[in-house]
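A lone chain, given as structure tokens: the form predicted on its own.
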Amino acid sequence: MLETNNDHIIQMYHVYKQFGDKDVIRDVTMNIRRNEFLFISGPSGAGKSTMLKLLYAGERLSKGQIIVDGLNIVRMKRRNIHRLRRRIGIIFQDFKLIRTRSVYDNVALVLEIQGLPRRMVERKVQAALNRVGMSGFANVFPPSLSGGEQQRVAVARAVAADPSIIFADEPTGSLDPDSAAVILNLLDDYHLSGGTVLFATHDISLIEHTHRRVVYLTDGNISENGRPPFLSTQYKTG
């Protein structure tokens, strides 16, 4: 039985995820501390996105135990997943903004779902847009924005409700280097304000000089876990 550890905001114990007869995640055991900025890296198909989906209950694990911010994912019924989602923010590579809704509405939606009063929603949306440098774009629609600007809006949406954790799934994968640096800095600011960040990326240039911990996945299992530089040449060629 996995016991909750208050020092760790995420605990994974012998976690497996199977699709058919293939183990996409296999025997992963890992702890993530509160206010940690963790990179999850590895080649395409290594299991990075699947691992994040297991942590925010986007997929059900096949075997093992996961606790996220005190909530046992295995025991959680689908009708209670909203309890987890209120504690997290999620950022995707393809932004997942609603094209027919304004920037304001895209950020406000997560707050309205929580049933917050209109004035509080307005205040939090404005604060989130200010935080990412998009306060002048509230009435603009996503198709009019560049990729970097759309991802800033996605970051605003993720942080608007003051989540404990942000899961960022290849958030810079479709951006140019300058825009990628902006997004990384925004997530760094969120981390420095007290949040926990899990940042999945295959982009070695983002992490090869970092002082932060990197979990490197190979075929769904942790092959490296520590601070770069790693000893392996596979890391730079995988």
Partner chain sequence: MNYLNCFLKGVAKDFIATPMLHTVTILTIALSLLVTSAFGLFFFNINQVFYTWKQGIRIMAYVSPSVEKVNVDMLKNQIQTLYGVNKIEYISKDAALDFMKNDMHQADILSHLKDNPLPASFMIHVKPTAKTWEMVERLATQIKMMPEISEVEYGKGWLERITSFMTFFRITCIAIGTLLIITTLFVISNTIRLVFYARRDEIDVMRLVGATRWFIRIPFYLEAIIHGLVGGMIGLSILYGLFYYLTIYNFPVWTTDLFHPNFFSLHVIGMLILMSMGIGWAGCYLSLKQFIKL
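Being a predicted model, the structure only gives us computed values, none of them experimental. Numbering follows the first chain given and starts at 1.
FYI, the form predicted together with its partner chain isn't displayed, but the following is about it.
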Counting only heavy atoms and a 4.5 Å cut-off, does its partner chain in the predicted bound form sit next to every one of I9, M51 and K63?
no
Can you pick out, from V140, L116, V74, A127, the residue that has a heavy atom within 4.5 Å of its partner chain in the predicted bound form?
L116
Given that the partner is absent here, does E122 sit within 4.5 Å of its partner chain in the predicted bound form, heavy atoms only?
no
Is L109 close enough to touch its partner chain in the predicted bound form, meaning at least one heavy atom pair within 4.5 Å?
yes
Check T100 for me: does it contact its partner chain in the predicted bound form (non-hydrogen atoms, 4.5 angstroms)?
yes
Decide whether I81 counts as a contact residue for its partner chain in the predicted bound form under a heavy atom distance cut-off of 4.5 Å.
yes
Choose one stretch from 132 to 140, 145 to 153, 100 to 108, 162 to 170: the one whose residues place a heavy atom within 4.5 angstroms of its partner chain in the predicted bound form.
100 to 108
Just give me the residues of 70 to 96, first to last, that have a heavy atom within 4.5 Å of its partner chain in the predicted bound form.
R78, R79, I81, H82, R85, R86, I90, F92, K96
